[in-house]
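One chain comes next, on its own, written out as structure tokens in the form predicted on its own.
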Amino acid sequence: MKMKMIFVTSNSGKVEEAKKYFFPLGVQVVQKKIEYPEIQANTLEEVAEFGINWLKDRIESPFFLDDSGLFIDALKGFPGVYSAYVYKTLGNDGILKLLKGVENRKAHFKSVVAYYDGELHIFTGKTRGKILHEKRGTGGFGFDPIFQPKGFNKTFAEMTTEEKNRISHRGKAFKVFSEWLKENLI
């Protein structure tokens, strides 16, 4: 391996997804489970930048983290930056209740990957789709059972990991990040 990067996350599924993008470049991704404060902010970019700034003097670089959210048009982007908290407190059933009787069910997932190597670099990915009227599927995590990506008849929770990773917001952010790495570091 040419390079080692730390991925700050408690989600081993995200680590496996990252490895698929970085292993072919000779980059070893190492998971580090370390809690860091998540501020209340207006954008995922602000949350990710705060996390980087909090961690940069506490762990060795290079490292990266990601922050993702579900943004529902009819709810003016809610839950957005509060997605993790809303999922823990309301869950999928709570979101479905909030959208009861709502026709516009357009939504998108957005992922921000923040990389620190002495400087901050931000990479984003977005997947558009809609919120269904019921939960479908048992795979994935979080809001996956109620989100159907545009152009597909399956929810994220009904897709295989490989299918989801090809079109997911995080996969798109990792792809941009890996292309940047290839151009700038490797």
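The structure presented is a predicted model; accordingly, all values stated were derived computationally and were not measured. Rigid core: the largest C-alpha set superposing within 1.5 Å between the two forms. The first residue of the sequence shown is number 1, and the count goes up from there.
We do not show the form predicted together with ligand IMP, though everything after this point is about it.
Student: Can you tell me which of 140-148, 127-135, 114-122, 52-60 lies within 4.5 Å of ligand IMP in the predicted complex, counting heavy atoms only?
Tutor: That would be stretch 140-148.
Student: Examine residue 87 and determine whether its closest non-hydrogen atom to ligand IMP in the predicted complex is within 4.5 angstroms.
Tutor: Yes, residue 87 sits close enough to ligand IMP in the predicted complex that at least one of its heavy atoms falls within 4.5 Å.
Student: Residue 155 near ligand IMP in the predicted complex, any heavy atom under 4.5 Å?
Tutor: No, residue 155 sits far enough from ligand IMP in the predicted complex that none of its heavy atoms falls within 4.5 Å.
Student: Contact between residue 45 and ligand IMP in the predicted complex at 4.5 Å, heavy atoms?
Tutor: Answer no; every heavy atom of residue 45 is more than 4.5 Å from ligand IMP in the predicted complex.
Student: At 4.5 Å between heavy atoms, is residue 14 in contact with ligand IMP in the predicted complex?
Tutor: It does: once ligand IMP is placed as it appears in the predicted complex, residue 14 has a heavy atom within 4.5 Å of it.
Student: Listed by sequence position, which residues of 35-57 have a non-hydrogen atom within 4.5 angstroms of ligand IMP in the predicted complex?
Tutor: Only a single residue, 38, comes within 4.5 Å of the partner.
Student: Would the C-alpha of residue 14 be classed as shifted by 2 Å or more between this form and the one not shown after rigid-core alignment?
Tutor: After core superposition, the displacement of the residue 14 C-alpha between this form and the one not shown reaches the 2 Å mark, so yes.
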